[in-house]
Structures are given as structure tokens and as C-alpha cells.
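Quick heads-up: it's one chain on its own, the form predicted on its own, in C-alpha cells.
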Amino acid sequence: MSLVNLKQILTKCSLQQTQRSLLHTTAICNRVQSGRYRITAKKDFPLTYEMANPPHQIAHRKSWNSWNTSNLQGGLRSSETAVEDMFIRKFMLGTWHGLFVSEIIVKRQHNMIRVAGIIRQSISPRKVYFLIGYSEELLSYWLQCPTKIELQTVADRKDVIFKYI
């Protein structure tokens, strides 16, 4: 086998490989799965109102979990805002361990950050007020802007259940 024949064979193989990799086909997925909850056999999985609405209902029947204007075109600090929002949510879930029964909503208005959510009434009001002050102080110090925590309480976790699937 000469060098020229080997070169022709390699060129042919690479050309066939290139032609094969130019066209990709996949099965059509008519069912959208992400953000939806699967129906259980016993229909005993609880959903809140936010969870019960599908993703395409955001801004119609369902609200955003972060309210800010940095994601608009030309907005400043979009990546920093997303990281700060995740930090706020993780901090609140860790500080208020097991008390939140809803999603944590982060609203940014001018220079102020407002954190909202629904908690259970399983601890004394004195501890709730302490945790509110503690969380506001630390978040204000870390984020370098005033932070306000707005909480509502419910007697039981079952009070926020919208339906079972």
C-alpha cells in the first residue's frame, strides 16, 4: 500500500465522517417535562399554589421568584444579582431551618432588598423577631444595602397546600 493510496483512504473516511456528522436527527418531544410534577399513584403528594401552576403560567397565574431589573437588556450586574439571590435563599433556608412552607421571594426596589415568604408558627414570637433582626442585619452588612424581611405565618404546613397529585 503506497502513501498516496493511504492518503486517499483517509480522505474518504474523514469526508464520510464529516457528512455523517452534519445532520443530526432526534425524536420529536411533544410533552414538556421540566417544571412539572408527576402524578403519584395514591395522589398524596402535596402542591402549593406556586407548584401547582405549570411553568408556562409564569407572569399569568404565577409570579416570579426574583423581582429585579438587572436582567433587562443593558441591565447592570445581572450575574451578581442572580448569585446574590441564590445566596439570600440559601441563607434564609439555613437560618430559618424547616420553617419556610413556601418559596422565598426576593424583590429589589432601588437600593433596597425585600425578602418575603410564609413560615410556620412552630417557634415563639420572640425567636421570630430575633431571627428577623439577625437576618436583616447580616444580609444588610453582606450585601451593602438595606434589607427588609416580610414574613407571614400559618399555623400548619397543610394550610398552604393547594391540591394533591
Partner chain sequence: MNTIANVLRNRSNLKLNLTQITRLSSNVSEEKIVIPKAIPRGPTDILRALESTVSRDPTATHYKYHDDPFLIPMSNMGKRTFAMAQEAGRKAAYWVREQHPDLFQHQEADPPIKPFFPKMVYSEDEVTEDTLKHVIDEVLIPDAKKIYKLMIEKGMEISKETQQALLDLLCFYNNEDTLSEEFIEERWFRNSAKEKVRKTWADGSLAEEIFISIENPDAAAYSAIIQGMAKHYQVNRAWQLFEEAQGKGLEVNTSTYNSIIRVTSFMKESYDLRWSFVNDILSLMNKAKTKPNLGTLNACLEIVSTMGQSKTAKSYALKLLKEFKSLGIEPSLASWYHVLMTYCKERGPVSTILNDILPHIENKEHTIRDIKDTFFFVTAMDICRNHLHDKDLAQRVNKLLHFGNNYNLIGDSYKESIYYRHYFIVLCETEPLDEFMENIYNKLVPHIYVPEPGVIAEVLKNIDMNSAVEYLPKIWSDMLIFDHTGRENLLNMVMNIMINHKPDESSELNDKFSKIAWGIWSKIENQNENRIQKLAFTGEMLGNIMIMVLRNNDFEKAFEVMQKLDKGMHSVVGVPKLDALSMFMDHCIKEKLPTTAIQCIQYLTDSGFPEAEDFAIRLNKSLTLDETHLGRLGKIVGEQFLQKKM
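Everything numeric in this text was worked out from a predicted model, so none of it was measured. Residue numbers count along the first chain shown, from 1.
This next part talks about the form predicted together with the partner chain, which is not shown.
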Close approach of F45 to the partner chain in the predicted complex, 4.5 Å, heavy atom:
no
Non-hydrogen atom contact R126 with the partner chain in the predicted complex at 4.5 angstroms:
yes
Considering only heavy atoms, tell me if P55 and the partner chain come within 4.5 Å of each other in the predicted complex.
no
Taking any heavy atom pair closer than or equal to 4.5 Å as contact, tell me whether T40 reaches the partner chain in the predicted complex.
no
Across 138-165, the residues having a non-hydrogen atom within 4.5 Å of the partner chain in the predicted complex turn out to be L138, S140, Y141, W142, Q144, C145, P146, I149, E150, L151, Q152, T153
